[in-house]
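Only one chain is shown below, in C-alpha cells, and it's the form predicted on its own.
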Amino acid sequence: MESRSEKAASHAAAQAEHARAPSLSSSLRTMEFRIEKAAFLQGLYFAQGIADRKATMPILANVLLRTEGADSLTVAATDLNLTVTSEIPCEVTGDGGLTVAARHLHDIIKSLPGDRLTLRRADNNYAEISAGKVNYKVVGLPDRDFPKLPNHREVTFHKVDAAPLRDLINKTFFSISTDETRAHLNGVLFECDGAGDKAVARMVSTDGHRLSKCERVLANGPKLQPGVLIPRRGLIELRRALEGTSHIEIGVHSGNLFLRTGPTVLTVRLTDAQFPPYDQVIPRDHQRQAKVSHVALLDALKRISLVASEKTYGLRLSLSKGVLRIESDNPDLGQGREELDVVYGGSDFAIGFNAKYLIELLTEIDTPEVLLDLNGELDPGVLRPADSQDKPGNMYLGVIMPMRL
C-alpha cells in the first residue's frame, strides 16, 4: 500500500504538472472574430486568385485565416511559388487558425448582407459564418497543415512609384515564352542600379523569336545587379497587385521578390535559371533605317494580316525611297498589299516578319512615329519609338527575328 508521505508527494507532483499544462478552458478556446465585410473581401480577392484548386495537396486550394492578438486577422494563400498575405483589422474574441476553400469563402462573404460579419471555428474545423439572419457552416481544414509563410518582416523594402513598374511589365510581358519547361525564358529579367532617386530599372524578356527591352526611372528602387528572373505567373499577380495604386514597396530576400501595398504582401519565388545574354542579341548598328507613322504602320499590319497564314502570320515588308510596302500572298485566302509613306533614302530592300510580333510590339509603343532598323534579310530587325534613342531611363525597343517567305 502507498504510504501517506508517498500520497502527498504524488499529489504535489500532479499539482505541479497541472500548473505547467494549459488550462482546459484555454486549450479549447475557439477562434472567433468580427470583421468589416469590405476589408475581408479585399484580402480574399487576392487570396482566391492564388489558391490552387488543381493542386495535389487539397490545402493549397484553401485560404488561411489566423487571428493575431486582439485586433488583427491574417489572410493568406499560396501555391508554393506565389504567396499573398493580408493583415486586416478586426475584433478578435478568440485566438486560433483555420483554412477554408478560398473561392468558396470569397463567394459566400460577397453574398452576405450588411457591412460586418462574424466567423467562428467550430468542432471538426468547420467555419461558422453569420451576418444578420444569414448563417453558414463551411467545411475547413486545420491551420497546422498549411505551408509555412515567407517572412516579409525580414525584408528591406523600398518605396517606389507603381506607374513605371506597371509600364515595365506591360512592355515586356507579351514576349515572354509560355513554355514552362524553358524556365530561363518563361519570365522577365528585372534589373535595377539602385542609384537613389535617379535609379534606373530594366526589364527584358524573350521567347527565342523576339525580345523586348524597356528602361524606366524607378526612384529609390532596390539594387538588383545581377538581375533577378521573375516567372510569368508571378508577373500576372504583380500586375494585378499594382492596379489602382500609386505607390508600392518592393524588396528581394532569400530567393523571393516581395511587393507590399497597404496591408497586403505578395511574395513571388524567383526562378533559379540563367537568362540569355540579351546584349548579344540586340544589333548595335544598322545599314538601313526607316521612320514611319506609328498609327499608320499598326493599322496597315492589322489589315494585311487578315489574309496572312494563320499558322505563320508571315508578311513581306519592302522598302524603297519614301515608300514601305506591306504584302501578304496566301494561296488559301488571297493577297493583300498596302503602301505607306516613310522617311527612307536607302537602296531597295525586302524582308519577312511575323505580323503578330510586330503588332504586339507596336501596341505597347505610344509615340507618333517609330523607327525600323534593318541590316540583311536574315538579320534581326529592331523596332523602337522615334524619340527614345540613347535616353537612359526612357528606352524601349523590340528585336524580331526575320522569316523566310
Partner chain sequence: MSKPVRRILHIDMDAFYASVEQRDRPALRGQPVVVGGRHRGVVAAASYEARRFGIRSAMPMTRALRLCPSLEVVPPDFSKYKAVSAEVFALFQEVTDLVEPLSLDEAYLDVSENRWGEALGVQVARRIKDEIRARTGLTASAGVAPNKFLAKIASGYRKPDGLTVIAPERMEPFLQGLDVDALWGVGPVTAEKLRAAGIRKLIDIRHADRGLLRNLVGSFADTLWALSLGIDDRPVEPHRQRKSVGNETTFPEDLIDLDRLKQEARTMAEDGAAWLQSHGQAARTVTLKVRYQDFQTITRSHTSAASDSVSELAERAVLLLLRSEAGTRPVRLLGISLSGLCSREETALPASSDAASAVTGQAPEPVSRTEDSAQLVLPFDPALLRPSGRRASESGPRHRAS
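Quantities reported herein were computed from a predicted structural model and do not represent experimental measurements. Numbering follows the first chain given and starts at 1.
There is another form of this protein, the form predicted together with its partner chain, and it is not shown here; the text below is about that form.
- Contact annotation for E91: none of its heavy atoms lies within 4.5 Å of its partner chain in the model of the complex.
- In the model of the complex, its partner chain sits beyond 4.5 Å of every heavy atom of T67.
- Residue contact with its partner chain in the model of the complex: I108 places no heavy atom within 4.5 Å of it.
- Though the partner is left out of this view, Y136 does not reach within 4.5 Å of its partner chain in the model of the complex, counting heavy atoms only.
- Exactly one listed residue, out of S254, Q335, T181, N124, brings a non-hydrogen atom to within 4.5 Å of its partner chain in the model of the complex: T181.
- Between the options D272, E154, E243, D115, the residue in contact with its partner chain in the model of the complex by a heavy atom within 4.5 angstroms is D272.
- Stretch-level contact analysis of 74-82, 172-180, 95-103, 139-147 against its partner chain in the model of the complex, using heavy atoms and a 4.5 Å limit, identifies 172-180.
- Shown here without its partner, the chain carries R202, P277 and V281, all of which come within 4.5 Å of its partner chain in the model of the complex through at least one heavy atom.
- Of all the residues from 198-220, those having a non-hydrogen atom no more than 4.5 Å from its partner chain in the model of the complex are R202, T206, G208, H209, R210, L211.
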